[in-house]
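Quick setup: one chain, the form predicted alone, written in structure tokens, and binding and motion questions come after.
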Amino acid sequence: MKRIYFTSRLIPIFLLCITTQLSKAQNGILNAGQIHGNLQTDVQYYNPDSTIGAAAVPEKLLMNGFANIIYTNGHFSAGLRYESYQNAIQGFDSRYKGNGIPYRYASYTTEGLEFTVGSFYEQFGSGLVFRTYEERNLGYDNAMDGIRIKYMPFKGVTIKGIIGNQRFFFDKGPGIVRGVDGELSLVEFLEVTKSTKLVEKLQNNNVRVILGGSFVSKYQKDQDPIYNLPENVGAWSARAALGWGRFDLTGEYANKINDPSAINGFIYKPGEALLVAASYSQKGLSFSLSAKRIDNMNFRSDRTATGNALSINYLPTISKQHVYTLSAMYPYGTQPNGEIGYQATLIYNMKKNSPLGGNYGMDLSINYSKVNEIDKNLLPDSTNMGYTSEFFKIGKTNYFEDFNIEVSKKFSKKVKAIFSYVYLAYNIDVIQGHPGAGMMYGHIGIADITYKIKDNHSIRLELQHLYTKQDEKSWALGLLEYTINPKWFFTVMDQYNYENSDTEKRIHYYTVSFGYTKDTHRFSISYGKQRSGIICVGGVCRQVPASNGLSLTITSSF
């Protein structure tokens, strides 16, 4: 595989070029050109700690760092991202190692046409057949390296085309990804056709219609002596978004031809996915309902890839993304081999001076989601098809269930609070891949109270409790944070697994941290213990090992 990063010998040459261009810009040769960007460094020092299972780290200190540098001048832009892993912080894939420039691009836009060469991120529709993006906290980056074209021949019509390879740490993946996407905004397009009366009627009734479709294929040479593997694998999707007044309805269906891979056990069954959502909103009230079905929709540019590497598409989760520590302890990860689920959310604002709203009003949020396996009828191994499945039939095995209520209320000019209750059912066998671990059923209570001492000074108390009879049993958490806006914060936290069946594992996971912000620069330092577990964002997860030590994060933008 061809390397896509610059060696350290090329860094001075690049910096010299940038300096030269800046000098030219100051002399007026590059009119209106600008350079901007951001950088971040995460450093962690590790202490071995047998009580929490934190092994010794040979380097003692590990570091992740990056810097984005972007140049813009009129219709032209170019940029790069320099990354450094010395070595990667624990929990990130060890194949992130060393220094390099894995992301660099140049782009030009003129008369509705945008042309990009090099690295880029893109998404077709909701991402069921194609989405490339970066999620730095997960160590996830499946950027394309090739050519992208966007064209708007008429108002309301957008056409995209992409071709290239995907990022594979500091290399490129072996597969070639090709795709095209088209989208039509009906009302905008009718304006071009001068259908004035129809456009006015649609606009007066606040009608919105957007239609779209995508086709993506990947090519990977078949070098397997056992399987007759397809070298070209295609996937298509069709989508629609309809709106009328306060109502919105969206849906997308995707289908993929036979794509045997390491994830699905090299079966030849085609894959499919359906994602639908409906919502209603008005002042003080909103309601949404969504559902999805995923069946054998793992789609990667390398059929042997596992983990978070080289995914071509994105399969979103439809459960709430919790932000509090104990409610986020058991996050859901999308199951590409098959799942069916739904989610409903109600948000209601109780007005000021109402019986429940009081002097300042109150916000109420209720959310429920449930995910099961799809119904599967297993077929003989000789067919290589794996199974059959009725499209709308829900399987018996429960993967995940989440019911939560959150109340936000301001009691006075000085006191405001958030109270939450969460019920979770979590299939550890399936989601974390721990056979025999069974289900976890948990009840979580959270109180987040902020007291404003005086202007710019506040103190926040956070109390959390997780009650469960399964897994590691019950947890309690307390956090106290003092903030001097907009520059300083100081935090102490203790997370205690007080009911673990193994008394030696009834451990206090304490953390002390503080941070300082000045203009666009932010520094934060923390010291303490981190429990092992998984973190997920949008259904994509990574494992975080237990650790004990000091961490430093520096971020800045310019």
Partner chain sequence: MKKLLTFVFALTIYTVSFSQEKVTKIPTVDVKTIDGKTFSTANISNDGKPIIISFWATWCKPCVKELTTIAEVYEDWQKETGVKLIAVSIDDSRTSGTVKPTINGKNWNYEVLLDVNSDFKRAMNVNAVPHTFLINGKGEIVWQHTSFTDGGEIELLKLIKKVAAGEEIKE
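All values derive from a computational prediction rather than experimental measurement. Numbering follows the first chain given and starts at 1.
What follows is about the form predicted together with its partner chain, which we do not show.
Using a 4.5 Å cutoff between non-hydrogen atoms, residue 460 counts as a contact of its partner chain in the predicted bound form. A residue is said to contact a partner when one of its heavy atoms sits within 4.5 Å of a partner heavy atom; residue 167 fails this definition for its partner chain in the predicted bound form, lying far away. Interface residue remark: residue 410 is counted as part of the site for its partner chain in the predicted bound form, having a heavy atom within 4.5 Å.
Not displayed here, its partner chain is approached by residue 450 to within 4.5 Å at the level of heavy atoms in the predicted bound form. With its partner chain omitted here, the record of contacts in the predicted bound form names 451 to 459 of 216 to 224, 451 to 459, 387 to 395, 305 to 313, defined by a heavy atom within 4.5 Å. Highlighted residues 34, 519 and 555: every one comes within 4.5 Å of its partner chain in the predicted bound form, counting any heavy atom. Distance criterion of 4.5 Å from any heavy atom to its partner chain in the predicted bound form singles out 39 from the list 52, 493, 39, 525. Residue in contact with its partner chain in the predicted bound form (any heavy atom within 4.5 Å), chosen from 507, 43, 57, 67: 67.
In the predicted bound form, its partner chain lies within 4.5 angstroms of a heavy atom of only one residue of 186 to 200, namely 188.
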